[in-house]
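Only one chain comes next, encoded as structure tokens, the form predicted on its own.
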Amino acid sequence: MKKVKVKLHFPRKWLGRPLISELITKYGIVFNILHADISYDSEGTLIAEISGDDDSVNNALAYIDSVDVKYKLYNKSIIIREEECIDCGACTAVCPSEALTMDSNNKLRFDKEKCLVCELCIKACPLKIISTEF
């Protein structure tokens, strides 16, 4: 099973068209919305995880490309050097998906599945121990 994170940019003309249901119906993929910023009558963006067999995911991405919806694959992941972390929580303040949180013992917790790879945490970390991996 293939799983990719993707950021879709919808031009104004595409708002209101059921692209997501078309992808699910035509290609049998699982489409999990992670974050969305879409307003009525304007452009919008959507970050999602698409999963399914290799051919289904590849065909769904090709279809997206063919209908003038721009997309960007997130091919990297966030790496935290946990042994150097002082659990200050600075990164949690900027994380839009709550992939970075503090537990009840004030220890940093990182949920890779929720991570959007927006890289805001890299800029927020005062110790510079957060980076990306391709």
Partner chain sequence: MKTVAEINERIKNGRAVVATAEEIIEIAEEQGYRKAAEMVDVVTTGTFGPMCSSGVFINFGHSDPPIKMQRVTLNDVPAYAGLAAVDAYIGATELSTTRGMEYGGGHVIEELVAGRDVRLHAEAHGTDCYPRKEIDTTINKYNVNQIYMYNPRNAYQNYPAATNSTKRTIHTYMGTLLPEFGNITYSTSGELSPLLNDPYYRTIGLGTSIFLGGARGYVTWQGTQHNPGQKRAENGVPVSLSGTLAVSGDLREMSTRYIKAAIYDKYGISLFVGIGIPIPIIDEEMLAFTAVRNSGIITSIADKSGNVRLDETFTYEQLQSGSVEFRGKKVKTAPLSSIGRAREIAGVLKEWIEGGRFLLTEAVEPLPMENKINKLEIRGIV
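This is a predicted model, so every value here is computed, not measured. Numbering follows the first chain given and starts at 1.
Not on display, but discussed next: the form predicted in complex with its partner chain.
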(request) Indicate whether residue 9 is a 4.5 Å heavy atom neighbour of its partner chain in the predicted bound form. (result) no
(request) Could you confirm whether residue 114 comes within 4.5 Å of its partner chain in the predicted bound form, counting heavy atoms only? (result) no
(request) Give a yes/no on whether residue 88 approaches its partner chain to within 4.5 Å in the predicted bound form, heavy atoms considered. (result) yes
(message) in the predicted bound form, does residue 105 come within 4.5 Å of its partner chain, counting heavy atoms only?
(response) yes
(request) Sort through 32-40, 46-54, 94-102, 60-68 and report the only stretch with a non-hydrogen atom within 4.5 Å of its partner chain in the predicted bound form. (result) 94-102
